[in-house]
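Quick heads-up: it's one chain on its own, the form predicted on its own, in structure tokens.
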Amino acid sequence: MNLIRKHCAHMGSVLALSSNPGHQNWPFSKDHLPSRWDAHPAHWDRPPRWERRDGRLPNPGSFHSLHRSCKDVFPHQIEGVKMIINKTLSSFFKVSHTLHLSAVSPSYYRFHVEHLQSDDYSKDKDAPALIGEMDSSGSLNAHALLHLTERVRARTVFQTQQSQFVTWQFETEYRGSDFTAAVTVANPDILRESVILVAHFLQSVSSGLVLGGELVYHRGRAEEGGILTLAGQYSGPNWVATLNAGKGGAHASYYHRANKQIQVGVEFEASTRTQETTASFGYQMDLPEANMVFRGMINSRCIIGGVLEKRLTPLPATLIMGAFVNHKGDKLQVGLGVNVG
């Protein structure tokens, strides 16, 4: 059982298992921040365009998106100086360049490229079909999304860390009229006789209630085992409450939209592997007249942070400023970024 927890922790950002804590890379952590590629693209998690509106139960969406509404309220850590340049080369091709200078973690350059699809099954006309990313250390991420039919989608991920393969995973998702089922095969190794299998299932019980679960199974030469996590979500007109609970821990979140300008979110996370619990509060304030968005957070680890995004109209650029304070550790991190394009 310890072996499976070790593998799940190692692959948490790639598998995006909702049973894992949602904010593992808090400020001043030794872990490198995940790139935007680690998360599922937004359109992958949205309910399909054929969601029913005739009074019958809708499709519950993806298992990975259960806590997305709450997570989007929290600010993303920014540290050092970062510049991102986005360029659309054609209707099917986009590239971006990222330069990050930091005194805390290693500085890097990252090249990101997307080849886009526009078939009849896509939720959006610019749904990414192929995504590739390489940084200055030689690490490579390759990500493919394929809409096989209107209800069946496949996802393939390959990830290397310099010259070593870290992850290779294959996922298939089926979306019925009122349910979603997905199976993921990760790091299959015939020589070592090891594999990780992840199964997700969500069912709409009523117009506001969704129930489901996640089963993670690992098999290796030394041992094998599985972890079952149950999930539930209840939503109202302007709020969403979600709970994941299992042997690996618990993750509860609550999202509320107060009005057009203010959104708040509360999260509670407990892990049996690390024997730690964290409670977090986050909020987002939109100021459309000033072209600004502010996100702030505070958690039980005495960490307070905030990120301000300012659109520099009429320029196609966004200025990003952030600061995070760890009062318990008496540490401060500040960041400044510019996103062009």
Partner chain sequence: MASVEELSPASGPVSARLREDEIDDDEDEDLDETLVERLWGLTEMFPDTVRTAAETSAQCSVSVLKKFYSFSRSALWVGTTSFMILVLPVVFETERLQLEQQQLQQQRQILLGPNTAMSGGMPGMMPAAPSIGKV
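Positions refer to the first chain, counted from 1. Note that the structure is predicted; figures quoted are calculated from it, not measured.
Just so you know, the form predicted together with its partner chain exists too; it's not on screen, but the next bit is about it.
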{"query": "Close approach of Ser105 to its partner chain in the predicted bound form, 4.5 Å, heavy atom", "finding": "no"}
{"query": "Any non-hydrogen atom of Ala279 within 4.5 angstroms of its partner chain in the predicted bound form", "finding": "no"}
{"query": "Contact label in the predicted bound form: Leu308 to its partner chain, heavy atom within 4.5 Å", "finding": "yes"}
{"query": "4.5 angstroms heavy atom contact with its partner chain in the predicted bound form for Ser177", "finding": "no"}
{"query": "Listed residue (Thr156, Thr88, Gln261, Gln161) with a non-hydrogen atom within 4.5 angstroms of its partner chain in the predicted bound form", "finding": "Gln261"}
{"query": "Every residue of Phe170, Val183 and Val195 near its partner chain in the predicted bound form, heavy atom within 4.5 Å", "finding": "no"}
{"query": "Contacts with its partner chain in the predicted bound form - residues in 294-323 whose heavy atoms fall within 4.5 Å", "finding": "Phe294, Gly296, Met297, Ile304, Gly305, Gly306, Leu308, Lys310, Ala323"}
